[in-house]
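Shown next as structure tokens: one chain only, the form predicted on its own.
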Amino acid sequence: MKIRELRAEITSMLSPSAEASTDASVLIMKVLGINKTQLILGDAEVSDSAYREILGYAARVAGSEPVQYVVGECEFMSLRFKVKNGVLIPRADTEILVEAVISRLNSQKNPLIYDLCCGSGCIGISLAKYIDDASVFLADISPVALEVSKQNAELCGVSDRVTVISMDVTKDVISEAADCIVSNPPYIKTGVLATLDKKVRGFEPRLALDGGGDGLDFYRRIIKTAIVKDGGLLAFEIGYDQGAEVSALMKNGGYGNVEIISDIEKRDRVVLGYKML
């Protein structure tokens, strides 16, 4: 069997999922160790053992397990990150948050950054990667997240400027004033969790999703306890309908020049502001 034939078979097996073709491609490239060009050419032969391995992985994806967990990695900000059960999967929408912070900190010397509720560490590690002199603390309550964050800092070559710390943001506060605090906290309303896609509610950690009754519990807590230098930046990823509420919380919490940034579909995605002097 050639790669192109295998790709068609796995895509059909994963249909009618909208991600069937993409997921099939991810599985094949991972197992065969090939790039996108080799996948598209599709003329190489697939061994029987590789075929069986890919079929096994595809069966897991067909059962709604996210392909990122199956292959153990994903791409974010053009970097490779390890992921596993117990850690939220990085998403393209979160790149908007990272890019917004980079653009606002690039002129600052040696910024100290805290990534709260860091999960895989994708936000803070990307900031360390693209802001050469940044020092970054990754904070999470989950032992799995802390383990994966350490691995990803090493994988991305920034472990010398990234420190991973255990922290419960509902109780603890950071030990020093930061130039920037960034967070993609849990923001799904508790009552909505059961309606999420099976790939999310069945496999991704509730700890990283549940934002309380109105989805704003973590924003309230972080805004109240954040130790940010005067003029420092506080930046959040938010749900599509939370822009006005999180903006109001930030303004009431002593932040100015509060800004809402939308995603490509014109939905609220990021809120950021500066600690007022």
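Just so it is clear, the model here is predicted, and its values are computed rather than measured. Residue numbers run from 1 along the displayed sequence.
The same protein has a further form, the form predicted together with glutamine, not shown here; the description that follows concerns it.
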Only hit among 54, 223, 32, 208 for heavy atom within 4.5 Å of glutamine in the predicted complex is 208
In the predicted complex, the residue from 84, 104, 91, 150 with a non-hydrogen atom within 4.5 Å of glutamine is 91
### Message
Whether residue 144 contacts glutamine in the predicted complex should be assessed with a 4.5 Å heavy atom distance threshold; does it?
### Response
no
| task | Answer yes if any heavy atom of residue 187 is within 4.5 Å of a heavy atom of glutamine in the predicted complex; otherwise answer no. | result | yes
Determine whether any heavy atom of residue 200 comes within 4.5 Å of a heavy atom of glutamine in the predicted complex, and answer yes or no. yes
In contact with glutamine in the predicted complex (heavy atoms, 4.5 Å), from 73 to 81, 177 to 185, 106 to 114, 129 to 137, is stretch 177 to 185
Looking in the predicted complex, the residues of 223 to 261 with a heavy atom no more than 4.5 Å from glutamine, listed in order, are 237
